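Take a look at this single chain, the form predicted on its own, given in structure tokens.
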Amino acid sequence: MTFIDVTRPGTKQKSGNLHIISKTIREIEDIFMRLGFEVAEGPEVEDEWHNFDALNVPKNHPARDMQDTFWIKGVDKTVLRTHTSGVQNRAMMAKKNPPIRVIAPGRVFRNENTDATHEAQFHQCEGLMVGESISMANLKGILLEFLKNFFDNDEVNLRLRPGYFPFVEPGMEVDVTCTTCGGNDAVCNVCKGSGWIEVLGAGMVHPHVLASAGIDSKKYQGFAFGMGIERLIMLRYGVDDIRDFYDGDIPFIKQF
């Protein structure tokens, strides 16, 4: 006869934890919701109109070529989304009467070679604000507040440089104070002594994009921005290879 000790404590199972990308997305959502934004979602398999046409991307733009975009074989004019900007367009079409404040975090896909700073799949968070009398000052204020909260540093600053994106005009690249040296190390291996690190792209929403969504561009203005979530994590924690997030290395994941 076999006896079982029913009073013996059960074997404790190790609990899992969220991946650092999931944790960071939740944190980003929390920061922007405190700033009055809503979280919007959309399909990862997107039609060409939402991914390109509605965003003022010309028919001959290089981003439509096979080296940048995964086109779905056998399904006409359908792609794996190259950004989450299509979600912004869907949000504007669903609510044609601003004000509109949304962010769109999610996975995106690019047909490019994998290396320490590039992956065929990664995560973005794009944001959109549309209303009356929206200006660059609003854009700078929102982004600065986000970056200070994300990096938990009130000394963080940003600068805007001219840049080109088809769906905004004017467009700009946004740099943040170096998260490693704060601009105080002439030989910093992160900012190369410049004191600045590029973190995202932004700009004022192009009138054609507003018109595509059925919004009167003479009455309303807006700004949009997009940031790579893995890029932010790498800067925050000093990770130097984006592939580490997808290699399934448990000790690497658990350190966060």
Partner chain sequence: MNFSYNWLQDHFDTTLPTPNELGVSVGLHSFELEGTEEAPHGDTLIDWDVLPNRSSDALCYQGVAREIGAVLDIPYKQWSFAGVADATFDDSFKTSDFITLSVDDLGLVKRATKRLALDVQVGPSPTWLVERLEAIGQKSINNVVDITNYVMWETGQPVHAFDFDKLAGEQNTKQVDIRLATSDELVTDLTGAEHVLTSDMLVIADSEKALDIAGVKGGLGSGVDENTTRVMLSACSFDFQNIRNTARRLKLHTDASKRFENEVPLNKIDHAMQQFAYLMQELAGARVSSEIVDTNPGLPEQKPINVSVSTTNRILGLELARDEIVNKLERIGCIVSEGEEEFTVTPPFERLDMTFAGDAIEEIGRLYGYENLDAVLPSEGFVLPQISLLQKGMRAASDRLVALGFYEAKTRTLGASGTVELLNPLTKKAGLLRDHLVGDLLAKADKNLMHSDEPRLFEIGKIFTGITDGVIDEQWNFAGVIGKRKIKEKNKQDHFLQTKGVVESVCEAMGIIDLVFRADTTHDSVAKVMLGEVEIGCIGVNWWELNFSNMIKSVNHTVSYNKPSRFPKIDRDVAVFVPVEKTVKEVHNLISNLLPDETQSCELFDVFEKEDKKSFAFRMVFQSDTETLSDEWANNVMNPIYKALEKEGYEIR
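Residue numbers count along the first chain shown, from 1. Please read all numbers here as calculations on a predicted model, not as lab measurements.
Same protein, other form: the form predicted in complex with the partner chain, not shown, and the subject of what follows.
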Counting heavy atoms only and using a 4.5 Å cut-off, do H83, F150 and D152 all touch the partner chain in the predicted bound form?
no
Does Y246 make contact with the partner chain in the predicted bound form, using a 4.5 Å heavy atom cut-off?
yes
Does any part of F167 reach within 4.5 Å of the partner chain in the predicted bound form? Heavy atoms only, please.
no
With the cut-off set at 4.5 Å between non-hydrogen atoms, does P207 touch the partner chain in the predicted bound form?
yes
So in the predicted bound form, does I21 come within 4.5 Å of the partner chain, heavy atom to heavy atom?
yes
Please identify the residue among L160, M93, C181, A116 with any heavy atom within 4.5 Å of the partner chain in the predicted bound form.
L160
Does anything in 128-145 come within 4.5 Å of the partner chain in the predicted bound form by heavy atoms, and if so which residues, in order?
M129, G131, E132, S133, I134, S135, M136, A137, N138, K140, G141, I142, L144, E145
